[in-house]
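Only one chain is included here, represented as structure tokens and corresponding to the form predicted alone.
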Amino acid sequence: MNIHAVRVIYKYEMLRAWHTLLQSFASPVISTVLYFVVFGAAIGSRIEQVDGVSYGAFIVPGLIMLALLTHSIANASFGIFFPRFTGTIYEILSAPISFVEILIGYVGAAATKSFIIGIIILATAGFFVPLEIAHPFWMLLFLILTCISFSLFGFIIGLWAEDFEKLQLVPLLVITPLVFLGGSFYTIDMLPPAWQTVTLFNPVVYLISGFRWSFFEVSDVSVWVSLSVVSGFLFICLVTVWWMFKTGYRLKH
């Protein structure tokens, strides 16, 4: 393992975040405040509790997941796409480092930035609603697994995309709708029976459900099913990245 190469890539990506501090870390805080104003105040005044949890506190795990998924994908996809766009990726590929070390550097930095954003949003939410985390270990586990999984997914998108438009295509047209329809701001029990069945095909439901359980011991599906889905998605992303590097997909041309 070339630790020096991993450290260089990791530090470079983290420095890029610090240079855009307002965009990287202040933006999620502002977005969280707006969500609390709109959803917490407007809707929360009509829906006082959901499954015994105040509505303001109930939406916190969904807000964190929304930020984690979008920022994990954005950070990782842009991190690998920009070297491809400028042509500097060939310098990295010709260096004496393996794809594992490249992956750890880029994905590790993207996951770290997303984890920091998740903690910032959690701290910001504490100013609006009283929060108690029933299972801190499981909360951190879901947080870390989600950051790593969707940073890997973003890395895949960064390798797949041919231009900036395609880079934004999946997050805007796929991920964001899935998060909003995945029980971020409601429980699927509120839906008609037919829609409850359809919603269970949304993988984001399992992420949010397991994460919410770690806070309030309230979930739409079993926490073990949620953990299995996250782990399965992580494995699929790892296999996909391995195949892309092995075949040189969008890397050698």
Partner chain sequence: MGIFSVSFVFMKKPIVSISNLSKTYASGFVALKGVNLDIAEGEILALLGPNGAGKTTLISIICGIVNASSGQVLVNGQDNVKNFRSARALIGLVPQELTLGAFDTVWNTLNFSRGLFGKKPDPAYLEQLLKDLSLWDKKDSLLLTLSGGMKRRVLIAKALSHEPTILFLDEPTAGVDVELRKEMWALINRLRKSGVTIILTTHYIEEAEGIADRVGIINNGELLVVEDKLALMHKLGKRQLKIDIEKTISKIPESLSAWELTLFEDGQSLLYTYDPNRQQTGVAKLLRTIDSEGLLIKDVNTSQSSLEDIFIDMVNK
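Numbering follows the first chain given and starts at 1. These figures come from a predicted structure and were not determined experimentally.
Omitted here: the form predicted in complex with its partner chain. The next part is about that form.
Interface membership of Val230, defined by any non-hydrogen atom within 4.5 Å of its partner chain in the predicted complex, is ruled out. By the criterion of a heavy atom within 4.5 Å, Ser98 is counted among the residues contacting its partner chain in the predicted complex. The closest heavy atom approach of Leu103 to its partner chain in the predicted complex falls outside 4.5 Å.
Contact annotation: Phe164 falls outside 4.5 Å of its partner chain in the predicted complex, judged by heavy atom distances.
Of the candidate stretches 125 to 133, 87 to 95, 150 to 158, 111 to 119, only 87 to 95 has residues with heavy atoms within 4.5 Å of its partner chain in the predicted complex. Interface residues of 131 to 161, taken as those with a heavy atom within 4.5 Å of its partner chain in the predicted complex (partner not displayed), are absent.
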